[in-house]
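In the structure tokens that follow, a single protein chain appears in two forms: structure 1, then structure 2.
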Structure 1
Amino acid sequence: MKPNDVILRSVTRVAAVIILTFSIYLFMNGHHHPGGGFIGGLSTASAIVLLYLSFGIEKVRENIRLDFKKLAAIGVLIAVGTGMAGVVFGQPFLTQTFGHVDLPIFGDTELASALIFDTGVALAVIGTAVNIILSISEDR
């Protein structure tokens, strides 16, 4: 007999959107205030794991077709590549640079290399955390 998880699935749909929205906020706010790639990636991974728990691994894999091992590797490469960019220009490893751009809708916008580094960290954390949870679930 198949369990009736209507309430769980309904709440998960709303909660996942809220968690992912908050993850974006944490990620984007990270280089000025507490937050950034690690906590943004961890909260994104928690939303994905919540989807796995509510809808089942196979159903979520049909809709999210990502190899989380490759995602983690790409994230590490982006983070290390951003750190090495400073070395290429004769600066210490992980040297950050930034500039300002005038965008039509947003006005004066800061662009920083820390955002690229945080993207790599977030991808690495998402890939690693989801891989760990999926590996644990396969051991049962």
Structure 2
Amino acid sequence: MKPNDVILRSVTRVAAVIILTFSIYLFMNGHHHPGGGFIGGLSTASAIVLLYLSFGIEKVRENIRLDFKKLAAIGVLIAVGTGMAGVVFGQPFLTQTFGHVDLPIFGDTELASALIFDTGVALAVIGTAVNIILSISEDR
């Protein structure tokens, strides 16, 4: 008989959203406050792991159709790509720039190319962490 873990699932439904939001906050906030790609990625991964724990691997896989190995690879590629962008503009490898843009809703917003780099970091961390945990948990 399957155990009835309705409480766990209900809590997870709410908690996952909160964790994901928090991790996005950590990630976006990293430029000016504690946080950043690494910790943001890890907390995203923890949200995904929580989903796996409560709903089972098969169900989550149906809904999140992502190959996390590829995700990690894409992350690394993005990071390398931002580095190459500097080279294209005649700057040394991995030169980052930033600028202030007046966006309609957000007002005066600072956009930094480092954020793209950080996205790469975050994707790589998410991909790796979920990949490791999935691999080990499938090893039965």
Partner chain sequence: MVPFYAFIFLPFIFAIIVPFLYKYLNRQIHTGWFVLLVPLSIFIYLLLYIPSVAAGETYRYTLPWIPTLEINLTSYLDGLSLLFGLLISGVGALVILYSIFYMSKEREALHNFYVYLLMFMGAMLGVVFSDHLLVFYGFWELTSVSSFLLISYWYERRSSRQGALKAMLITVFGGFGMLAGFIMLILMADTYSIRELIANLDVIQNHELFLPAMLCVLVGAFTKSAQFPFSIWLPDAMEAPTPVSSYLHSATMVKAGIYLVARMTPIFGGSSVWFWLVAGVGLITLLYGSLTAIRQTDLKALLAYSTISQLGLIMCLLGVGSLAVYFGPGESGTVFTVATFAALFHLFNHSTFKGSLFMVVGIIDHETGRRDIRFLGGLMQVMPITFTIALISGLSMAGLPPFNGFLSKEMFFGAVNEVSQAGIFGLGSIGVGFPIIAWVASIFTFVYCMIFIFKTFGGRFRPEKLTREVHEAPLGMLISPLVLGALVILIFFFPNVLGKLILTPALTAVLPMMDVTPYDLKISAWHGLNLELLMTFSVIIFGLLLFKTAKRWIVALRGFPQGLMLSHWFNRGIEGTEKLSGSLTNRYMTGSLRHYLIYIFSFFVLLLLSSLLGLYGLHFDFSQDAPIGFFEAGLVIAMIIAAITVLMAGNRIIAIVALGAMGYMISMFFVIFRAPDLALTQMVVETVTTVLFLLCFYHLPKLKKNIERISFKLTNVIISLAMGLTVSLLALSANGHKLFEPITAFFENAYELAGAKNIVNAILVDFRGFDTLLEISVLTIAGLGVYLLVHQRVKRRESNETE
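Between two forms, the rigid core is the largest collection of C-alphas that superpose within 1.5 Å. For residue numbers, the reference is structure 1: its sequence is counted from 1. Since the structure is predicted, the reported quantities are computational estimates derived from the model, not experimental observations.
The form predicted alone appears here as structure 1; structure 2 is the other form of the chain. In a rigid-core overlay of the protein, residue 115 has its C-alpha displaced by under 2 Å between structure 1 and structure 2. Core-superposed comparison between structure 1 and structure 2: the Cα of residue 50 travels less than 2 Å. In this core superposition, residue 85 moves its Cα by 3.0 Å between structure 1 and structure 2.
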